[in-house]
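Single chain ahead, written as C-alpha cells, the form predicted alone.
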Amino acid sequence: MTIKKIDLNTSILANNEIWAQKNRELFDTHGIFTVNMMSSPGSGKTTIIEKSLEYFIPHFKMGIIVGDIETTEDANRLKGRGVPVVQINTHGACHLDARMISGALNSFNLEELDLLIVENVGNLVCPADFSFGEDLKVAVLSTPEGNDKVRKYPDMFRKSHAVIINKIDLIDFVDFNLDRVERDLKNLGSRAEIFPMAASKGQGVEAWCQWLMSKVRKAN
C-alpha cells in the first residue's frame, strides 16, 4: 500500500497565493497601493496609523482594514476620521489571509481608493507568510519588546520593506539597543528602511509618511 504524504502547510499557502493574485489584479486595475502593517500585539500599529492620517488624508483617498481576533476597539479608534474602516475578526486565527481581505474589499468603493492600509493581527510569525497581494510589508517593533525580536522572528523582518521602531521615547527605561537591532537587520540581508518613532507624541511620523507617500506616487 502506498502512503501519500500531503504537506498541509504548503497546500494552505498555495491556496492563499491564488487569492493573493486575484487581489493583486484588482489592486492593479484600480490603481490602489497596499500596505501590510505587521507586529506583535501592543507595538502601536493603530497609533501609527492614527498619526499618519494627518499626512495622508490631504493627498490620498484612503481605506483601512483592521484585523483582530476579537473586538472592534482598534477600528473604532480610526472611525470618524474621514476614512472608511473595515474590521475583520478572525475568531482565533493569528493572521489575516488573502481570502479574508478579498471579502473585506466588497465594503469599499475601489474606484475611490488610492491607498489601502491593512493593520494585521498582532503576531510575529504567521502574518509574514500570508501575503494578500500587497505592495509593501511593514514591520513595527516597539522598544519595550527588547533587542532579540529580529533574531527570534527573522522571516517577519527579512520580508519587510520598512521597519518602524516605535516608542523610542521609552528607550532609556527598557532593555533596547537600536544599534544592535540595526546590525541584526543587516545580518539578515534586510534592505528595509528603518524609522525610529514615538508615534504617541508624533515624533518620527512625518519621515515615515513622506517615505510612504513617495512610494505611492511613484507607483501611480
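Throughout, we count residues from 1 along the sequence that is shown. Computed from a predicted model, the values in this text were never measured in an experiment.
One more form of this protein, predicted together with a small molecule, exists but is not displayed; see below.
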query: Interface stretch in the predicted complex with the small molecule - options 146-154, 96-104, 130-138, 117-125, non-hydrogen atom within 4.5 Å; finding: 117-125
query: 4.5 Å heavy atom contact, residue 200 and the small molecule in the predicted complex; finding: yes
query: Residue contact check: residue 190 to the small molecule in the predicted complex, 4.5 Å heavy atom; finding: no
query: Partner contact for residue 174 in the predicted complex: the small molecule, 4.5 angstroms, heavy atom; finding: no
query: Touches the small molecule in the predicted complex: residue 81 (any heavy atom, 4.5 Å); finding: no
